[in-house]
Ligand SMILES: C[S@@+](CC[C@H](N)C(=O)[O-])C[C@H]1O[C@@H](n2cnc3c(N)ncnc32)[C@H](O)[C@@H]1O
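Read the single chain below, which is given as structure tokens and is the form predicted alone.
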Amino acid sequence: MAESSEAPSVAVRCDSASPERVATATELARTLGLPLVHDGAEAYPLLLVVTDERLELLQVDSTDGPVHCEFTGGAFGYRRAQPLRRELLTRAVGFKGKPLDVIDMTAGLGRDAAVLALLGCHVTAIERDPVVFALLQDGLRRARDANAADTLAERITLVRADACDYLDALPAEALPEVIYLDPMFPERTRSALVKKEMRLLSRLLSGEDDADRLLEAALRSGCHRVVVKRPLHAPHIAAPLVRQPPLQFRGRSARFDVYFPEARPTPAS
């Protein structure tokens, strides 16, 4: 997900009396360059809140409630107990039982990266926005703490970077087998949780849409397989390098467009 210069003001608040969590909030505010607030937090539309259990993102003027990154319990806990090989995402990336190396250009709250990691894939999850990145880090920390035998968190490598710059600098020999991107869009879903998350993240990121730029970078990288998640009836991303996707996987509310770009030219020696 992309960072925007017009993003609303964000502050850090600690809702825990634990000295350890207070120290965590203080360090987080320092690292992100955000104010640490106690009283007067209503001056900031968004708060990154350190609780006893986790890190949450809260809209002060909304009744939606906070959003956090979750890889063990809740809705994702139910999802991970299902047969993941049947999911459209699994089929779209070409998973046949052998672990794949995947770059997720738009990590967001990490659910798709986590599904791929549960299948055994090694995922480089790229996120540019520092607040979303902090939520991701906290989710992976709690996944490790919840179950030492859970290898999900060990298969995900977080990278805070502009995904296009990251791909452009990646040597041809380091290319993954799959590049995946899910540009942010208002999902048509019955899930109140997903709707809440999309509203909050859209506000944090000011609704910035750089899907064209992301797909162009993925296609010119030379990666053999590029997978793009889109709303079911949305047009294809209008990037200059894009043609009609040769393969699609369609669900009830979303689809996966699959491209097979030509290999990146090898520099002359």
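Computed from a predicted structure; not experimentally measured. The first residue of the sequence shown is number 1, and the count goes up from there.
What follows is about the form predicted in complex with the ligand, which we do not show.
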Candidate spot L170, C223 and V228, all three in 4.5 Å heavy atom range of the ligand in the predicted complex?
-> no
Heavy atom to heavy atom, is G108 within 4.5 Å of the ligand in the predicted complex?
-> yes
Using a 4.5 Å heavy atom cut-off, state whether V132 contacts the ligand in the predicted complex.
-> yes
A146: touches the ligand in the predicted complex, heavy atom cutoff 4.5 angstroms = no
Verify the contact flag for E70: yes if a non-hydrogen atom of it lies within 4.5 Å of a non-hydrogen atom of the ligand in the predicted complex, no if not.
-> no
If contact means any heavy atom within 4.5 Å, which of 91 to 99, 161 to 169, 138 to 146, 116 to 124 contacts the ligand in the predicted complex?
-> 161 to 169
Quick one: of L201, V49, L46, I237, which gets a non-hydrogen atom within 4.5 angstroms of the ligand in the predicted complex?
-> L201
In the predicted complex, which of the listed residues (L219, V37, A29, L205) lies with a heavy atom within 4.5 Å of the ligand?
-> L205
